[in-house]
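For reference, the chain that follows is the form predicted alone, supplied as structure tokens.
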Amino acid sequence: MIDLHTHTTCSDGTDSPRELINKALSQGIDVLAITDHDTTAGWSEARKAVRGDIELVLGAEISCLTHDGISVHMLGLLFDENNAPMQKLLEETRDGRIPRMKKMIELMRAEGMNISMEDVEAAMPPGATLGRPHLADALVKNGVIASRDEAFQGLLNNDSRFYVSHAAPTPEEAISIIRSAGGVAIIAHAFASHRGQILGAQDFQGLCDAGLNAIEVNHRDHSDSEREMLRAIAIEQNLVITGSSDYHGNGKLNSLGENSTDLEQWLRLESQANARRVVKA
């Protein structure tokens, strides 16, 4: 089983990198990618935790914005962690999250909601990348909402009046930097319409021209018809087709390995990196 999209406590997951690898081992995952939001902070711990037959793929999920303000998430896998432009991109994207969070809190407090920046910071594991899930956890703790899922269906949805975008690269810029760092680029949950405004089929040509390697087709936020549309785009553009859980631990309903990538597709994707960087025991 191959799962190419998961999160740890280094961003908005609830399992540490070590705990996630242990869980993957117990559930028979053969290839696991750790893709925390805008950070490589969990890579060192994850490397040390590898044992048995599992293969570890290190990466990051980069928050992007199109020129029209559409939120796009780009998975970068197998890139050189010492590549300076890549680390600069991740750092700048992380920095943009702080003023964005303060503005969202300000909008909520203006409508009488019991929430503060201190509440959100208390909900973050040490060293984690700040994100909306931490705001959701703080809102749950303060009794404003019942769960993270409820938050993302309403208050924190991309179309919500409380949603605030942040400084971020365009998807094309992110792809270019991932590829220049020797990695491969996968667009994540591209047709997850319940999250807000999404790309159209016509937008993929520009991503392909920038060097896109793959499309995450099989994801719980895609309907059967959306999966078929994405599969058709991938075949037309000769892109790799992936499937992933987008696992966050207890933070979301997504189960580890609930969607997976075919071995043939994974081997094709892995071969497109400029060096062999899969971590093995």
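From 1 onward, residues are counted along the sequence shown. Just so it is clear, the structure is predicted and the values come from calculations on it, not from any experiment.
Below, we refer to the form predicted in complex with a small molecule, which is not included among the displayed structures.
Item to complete: Using heavy atoms only and a 4.5 Å cut-off, decide whether all three of 18, 45 and 277 touch the small molecule in the predicted complex.
Response: Zero of three within 4.5 Å in the predicted complex.
Practice prompt. Using a 4.5 Å heavy atom cut-off, indicate which stretch of 251 to 259, 236 to 244, 50 to 58, 208 to 216 touches the small molecule in the predicted complex.
Written response: Stretch with heavy atoms near the partner: 251 to 259.
Worksheet item: Could you tell me if residue 152 has a non-hydrogen atom within 4.5 Å of the small molecule in the predicted complex?
Response: Contact check for residue 152: yes, within 4.5 Å of the small molecule in the predicted complex.
Worksheet entry | Any non-hydrogen atom of residue 169 within 4.5 angstroms of the small molecule in the predicted complex | Residue 169: no, not in contact with the small molecule in the predicted complex.
Worksheet item: Does any heavy atom of residue 76 come within 4.5 Å of a heavy atom of the small molecule in the predicted complex?
Response: Residue 76: no contact with the small molecule in the predicted complex.
Practice prompt. Please run the contact check for residue 179 against the small molecule in the predicted complex: heavy atoms, 4.5 angstroms, yes or no?
Written response: It does not: once the small molecule is placed as it appears in the predicted complex, residue 179 has no heavy atom within 4.5 Å of it.
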